[in-house]
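One chain comes next, on its own, written as C-alpha cells: the form predicted alone.
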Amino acid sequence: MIDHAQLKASATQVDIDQLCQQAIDFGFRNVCVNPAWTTYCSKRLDGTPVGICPVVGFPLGANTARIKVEEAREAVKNGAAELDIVINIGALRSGFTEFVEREIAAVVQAVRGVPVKVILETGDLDDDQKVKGCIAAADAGAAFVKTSTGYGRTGASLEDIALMHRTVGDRMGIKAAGGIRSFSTAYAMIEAGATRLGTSAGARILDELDAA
C-alpha cells in the first residue's frame, strides 16, 4: 500500500539508491520520485516488483495542460508504472471545475492503461472544493484521488480522507500523503478509507509495525 517517496530537489543518486533498496527490501508498491529520476529508477529496479511513480506538475500544479500531458507521456516512456499529477489548484479554487476535469482527462487519455493519481492539495481547499475535485478526478477517469504533495500548508488529515471516501466510495482509490511518519498515523488513515499511502517514512513505519 506504500508509495515510498523521495521528492526533495536536492536528492542525490545516493538518496535515490537508498530509496530503491528500501522499496525492494520492504516490498513497497512504488518509489515516488521527481521525473528526472525515472529512467535511473527504471534501470535500478529492473527485475523487481517495485514500480516507479513519477510526479507530474509537481509541486504547484501550475503548468499548462499541454506541459502536463507531455511530462506524463515522457515519464511513461521512461518506465513509469503509475503517475501522480497535481491539479491546477487555482482553477479549482476559482470555480473552473470543468477545466480541471478536462486537464485531468487529457493526461489520463495520453497515458491510457497507466493509473493516474490526482493530487488535490487539500490544505488549500474548502470542503466543497475538495468534493468537486474528487468528482472531477473520478469523472475524468483517474484511478486515485490524493490529498497532498507534502509541500503544501497541511498534509493528509483523517477528516479529509473520510470526506474523500464518502464522495467517491469504491469508485476509485484514495491516497493519503503528507505528514504520515508513524505506524499509528498510517493505520488511522487506512481505517478512515485510504487505499494507498504516500510517505518518505515507509521504512520507519514498517519497523514500528515489526516492533509492535
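Numbering starts at 1 and runs along the sequence shown. Computed from a predicted model, the values in this text were never measured in an experiment.
The protein also exists as the form predicted in complex with another copy of the chain; that form is not presented, and the subsequent description refers to it.
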So, in the predicted complex, is A188 in contact with another copy of the chain at a 4.5 angstroms heavy atom limit? no
According to a 4.5 angstroms non-hydrogen atom cut-off, is E71 in contact with another copy of the chain in the predicted complex? yes
Although the partner isn't part of this model, could you tell me whether S157 comes within 4.5 Å of another copy of the chain in the predicted complex, counting any heavy atom of the residue? no
For Q109, is any heavy atom within 4.5 Å of another copy of the chain in the predicted complex, or not? no
Only one of these stretches, 162-170, 36-44, 140-148, 177-185, has heavy atoms within 4.5 Å of another copy of the chain in the predicted complex; which one is it? 36-44
For the heavy atom contacts within 4.5 Å of another copy of the chain in the predicted complex, list the residues of 50-77 involved, in sequence order. F58, P59, L60, A62, N63, T64, R66, I67, E70, E71, E74
